[in-house]
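So this first bit is one chain, no partners, the form predicted on its own, shown in structure tokens.
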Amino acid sequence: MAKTVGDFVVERLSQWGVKRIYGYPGDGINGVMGALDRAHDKMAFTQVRHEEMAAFMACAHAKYTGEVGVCLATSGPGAIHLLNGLYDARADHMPVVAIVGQQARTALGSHYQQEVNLAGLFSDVCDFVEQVSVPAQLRHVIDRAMRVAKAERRISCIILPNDIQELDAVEMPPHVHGTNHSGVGYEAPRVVPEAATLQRAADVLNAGHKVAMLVGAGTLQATDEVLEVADRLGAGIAKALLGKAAVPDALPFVTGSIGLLGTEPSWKMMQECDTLLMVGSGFPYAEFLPKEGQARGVQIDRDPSMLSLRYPMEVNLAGDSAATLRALLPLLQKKSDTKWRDRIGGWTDSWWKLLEKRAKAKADPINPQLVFWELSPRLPDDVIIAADSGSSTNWYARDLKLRRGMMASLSGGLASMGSGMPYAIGAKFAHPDRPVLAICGDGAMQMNGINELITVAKYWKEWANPKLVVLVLNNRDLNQVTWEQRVMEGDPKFLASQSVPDFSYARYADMIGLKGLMVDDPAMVGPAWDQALAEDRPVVLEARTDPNVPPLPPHITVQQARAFMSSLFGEPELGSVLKNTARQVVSRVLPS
């Protein structure tokens, strides 16, 4: 059988190292789907329940492997559905290539069924978008799409009209004017700033007495370097949410997450430091950084456009985190005074004790913090965590102690609900031998997670290690927004918008061939985790939690306190809100 354009697409992607495509079929992409079937020994295809999930899985693949993630959709509505997941990848600087079908070239411009201006549609989210018009064009379009994604950690889109997919492929374009002869391959350079710039940065850091580090996703492969620099400078380390797995949480100078979902030690450290070293992070909330003029600043980032964006840095270092920190180390002087680090250690020790008190405070029926507190010591050493967006993210950020070797991520810059389940599935396909944990709220599960459990049921027997646990916090509330309404807007809970229908996630899991567990007794939370992590198949652990346990920020402003007090007038769940808030606040000063 002659090689078609569809066959060439699959073969060329394989030459670039792509081994799996996430997607959903349709007549606009049938030529590529047939080629995937013919090349099943080279390229795996994962069928999702919705194209948005394919883009999320491709993003997760990139996050958990460092490779390019690839997703596929048909023309028109299928292509449109990819957008949210692609924006998620763009916001977190992940390399993803989207392949989408299009109507026949002869029909374009005729207001044809499912005809959409796909080049215009994808032009905002993608750095490279190109429609293939003739077979001879395909080779350089695929090569450039992959190279842009890998080199710039951006999104590329290849648009394939359905009539061109069945044509004979042109593997070698003619050697004439107007053609291109591209090649496969890209090796990322190790970028390090010049020696003079490194010395200026070292001078600033050496002069500091109270150095604070803020690390993000750019340091996930630079753990040793971050710890060595922190030790040399006597610094504390705060972590942006995407950098939660960068350094272990048990170290006394690691203050944990920063921001609205962050910790009190991170807040205190930023308020009192005299020097800030920011590495591999685009953390957006400047109000949680030192006040302008309080601290001298040094920033390291591979993307020069992110430098001095959140805080006016004195020295900006464009370079790879690990390589730049290694180059900086010989220039840094060892701090002999330990008072600053000792103080940070006292803050973190008190903080972990406070979190335990808060987790063990009464709630109806289960305090959500308790679910995470009991999970933390039970986390498998090589676990991969996929967190969703919602109130569950608060407890993930604060209460889970990650150890070295674990991986964890979530939708950071976009903070999209419904990303937890597709992230977990993408992680499982990328690392089928490792245990995976999805952390989801009931809102996210009802948005799309329930459907993606069907994907789990379809594929789990193919995985070398079937261990996939999906935690669902069932509180019948769109909880993060409810608390934002109370604390930011001064409004009571709006039942019409916030109440979520009750649903038995555990029973649903049983129905589709997975294992469902439901816990509604605080005393049984630990045993439920033990059982979930010991099962021989994917598990849905449904925890019925109290929606009125407040996710207290690390620092409460006067404006937030006033808004909360205002929200109590007309609050439909007033008694529960007051009792739970009181328990969480007094846990700071009372022993139990």
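Since the structure is predicted, the reported quantities are computational estimates derived from the model, not experimental observations. Residues carry their position along the shown sequence, with the first being 1.
Below, we turn to the form predicted together with a small molecule, even though it does not appear here.
None of 510-518, 191-199, 383-391, 424-432 except one has non-hydrogen atoms within 4.5 angstroms of the small molecule in the model of the complex; the exception is 383-391. Here is the short version: of 455, 480, 348, 316, the single residue with a heavy atom within 4.5 Å of the small molecule in the model of the complex is 480.
A single residue from the set 129, 417, 298, 400 has any heavy atom within 4.5 angstroms of the small molecule in the model of the complex; that residue is 417. Although the partner is absent from this view, residue 442 contacts the small molecule in the model of the complex, with a non-hydrogen atom inside 4.5 angstroms. For the chain shown alone, residue 125 is not a contact residue for the small molecule in the model of the complex, no non-hydrogen atom being within 4.5 angstroms. None of the heavy atoms of residue 227 is located within 4.5 Å of the small molecule in the model of the complex. Contact annotation: residue 475 falls within 4.5 Å of the small molecule in the model of the complex, judged by heavy atom distances.
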